[in-house]
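Only one chain is included here, represented as structure tokens and corresponding to the form predicted alone.
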Amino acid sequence: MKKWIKKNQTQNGRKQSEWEKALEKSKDFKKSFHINKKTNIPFSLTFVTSLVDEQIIQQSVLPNLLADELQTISDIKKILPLADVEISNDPSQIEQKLLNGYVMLTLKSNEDQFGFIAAQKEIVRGLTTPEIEFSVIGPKEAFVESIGQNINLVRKRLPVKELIIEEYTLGSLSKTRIAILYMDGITDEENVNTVRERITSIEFDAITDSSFVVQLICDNSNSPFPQLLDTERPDRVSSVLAEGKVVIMVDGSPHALITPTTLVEFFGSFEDYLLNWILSSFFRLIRVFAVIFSIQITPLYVAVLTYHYELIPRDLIGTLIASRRVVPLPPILEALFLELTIELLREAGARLPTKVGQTIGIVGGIVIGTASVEAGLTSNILLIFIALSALASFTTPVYKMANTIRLLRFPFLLFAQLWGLLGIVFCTCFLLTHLLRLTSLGRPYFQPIYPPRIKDLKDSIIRLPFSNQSLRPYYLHTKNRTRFNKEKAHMKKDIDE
């Protein structure tokens, strides 16, 4: 036994010595030696203490290996009461398995075979309510950083064999697990193949969040518009999978990615499906109006005051003159000053602890706004417009799209200063051209508005009743377009009545 221990401590084959020398530099690397009580065969257990649950080793692995009859490495599948036990004679797997939380078993009688016993230590936070996509009604579960737990939340909602999960490992250093989810028999195979090809073609050293994947596989990385929809809600993921979309999950990220997606989906909240269709449609229209208002109101103020005084109603001219009588700055500098102030307050509030950030946002906005008007740096009318514009931008339910809307105001302001209303028209044309050319997973981003899909408009800017949504979206080209039999549903309703 002592000779075998000494031999293992010096060298155990060329391949093994390389990984062992590298891991021995780490304090959390451990190798223990034992003897089976029945067969007197020495064996060793090798593992990384920070990655394994030592309670599993002490309670389920070591007592059984010491007490039960252990002749060959294949006996561990009978001895150990664990599901994930593998046997291999490939030394190249050792490093990967150890760093994934496995315990390696080696017998003195056969050092060319290895047993790998799963004993991963799971350190994850418990389920919480959604922080970004919070809803007053409906489920209150949100994804966490464990990909296994996230898949479990989806499986629980779609307990069918058609839900397919493919897993890949990406990142030369991070070895991050990435899963692709789709519904077999529903999802278009072309969409699945496109996602599969883009995922497998990723070359990056460390992928720590789903945002890395978005930037690496999106159609146009130079566009400010998000081309994959991220969500923290398992119910939303289950819903889009049933529609025929593809979902990407990344281990370590509490957000799932949905693709392909369209522009109008970023202005819809999952809570819309939990409300009456009339209320849902009303709220969606409010969001669309709020986005247009948020982007256009400040540039319109600059354009009208700089070039188009004749458009101002007579009753309003006196108020405008009075508000700007002591303001020394031109409208463009006045607007930029307030816009940048609002952005600074937003960033400060976002980076500070929650309670402090909220206080800074409210108090800072009131104090700076009041002081700037009293000091004559800005007019009170523009201050109202800026405040309403900032408030309107918060109605966008998807955080990444809200950031894009914040950015869009600045080029519109520049064009308004250069050419007035004509500049705003030019900028709007550039924006629409960009959106028409943009794609998500090769599918037009502006659908169903362009190319026009009349049947898909039933769940876009407005949402019609579920009874009118018996077909899946046309632009997804699903294998099975029928969600439910509309005629049978009407017949059952008539019978019940």
Partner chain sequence: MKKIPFMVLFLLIMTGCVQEKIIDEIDIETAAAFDQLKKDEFIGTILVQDYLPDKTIINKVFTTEGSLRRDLLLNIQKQTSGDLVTGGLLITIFGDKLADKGIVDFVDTYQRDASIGSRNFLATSHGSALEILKGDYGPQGVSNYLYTLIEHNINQKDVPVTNLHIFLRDFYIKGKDPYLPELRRLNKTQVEISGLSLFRGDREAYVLPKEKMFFFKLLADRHSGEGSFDVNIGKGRKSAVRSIRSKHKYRLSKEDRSQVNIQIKIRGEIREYTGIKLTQAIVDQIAKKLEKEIEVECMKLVKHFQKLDIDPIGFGYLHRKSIRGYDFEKNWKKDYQNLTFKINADVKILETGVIE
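Positions refer to the first chain, counted from 1. Everything quoted here is computed from the prediction, not taken from an experiment.
The following text describes the form predicted together with the partner chain, which does not appear among the structures shown.
Asker: Heavy atoms within 4.5 Å of the partner chain in the predicted bound form: which stretch in 279 to 287, 321 to 329, 241 to 249, 103 to 111 meets that?
Answerer: Answer to the contact question: 321 to 329.
Asker: Which residue, F212, Y307, Y273, F293, has a heavy atom that falls within 4.5 Å of the partner chain in the predicted bound form?
Answerer: Of the candidates F212, Y307, Y273, F293, Y307 is the one lying within 4.5 Å of the partner chain in the predicted bound form.
Asker: Which one of Y182, F143, F116, F415 is close to the partner chain in the predicted bound form, taking close to mean a heavy atom within 4.5 Å?
Answerer: Going through each option in turn, the one that passes is F415.
Asker: Consider L336 of the chain shown here, and say whether it contacts the partner chain in the predicted bound form, taking contact as heavy atoms within 4.5 Å.
Answerer: Looking in the predicted bound form, residue contacts with the partner chain do not include L336, since no heavy atom lies within 4.5 Å.
Asker: Is I317 close enough to the partner chain in the predicted bound form to count, meaning some heavy atom within 4.5 Å?
Answerer: Flag for I317 set to yes.
Asker: With the partner left out here, check for me: in the predicted bound form, does some heavy atom of F410 sit within 4.5 Å of the partner chain?
Answerer: Flag for F410 set to no.
Asker: Taking the partner chain as it sits in the predicted bound form, is F204 in contact with it (heavy atom to heavy atom, 4.5 Å or less)?
Answerer: No, F204 stays farther than 4.5 Å from the partner chain in the predicted bound form.
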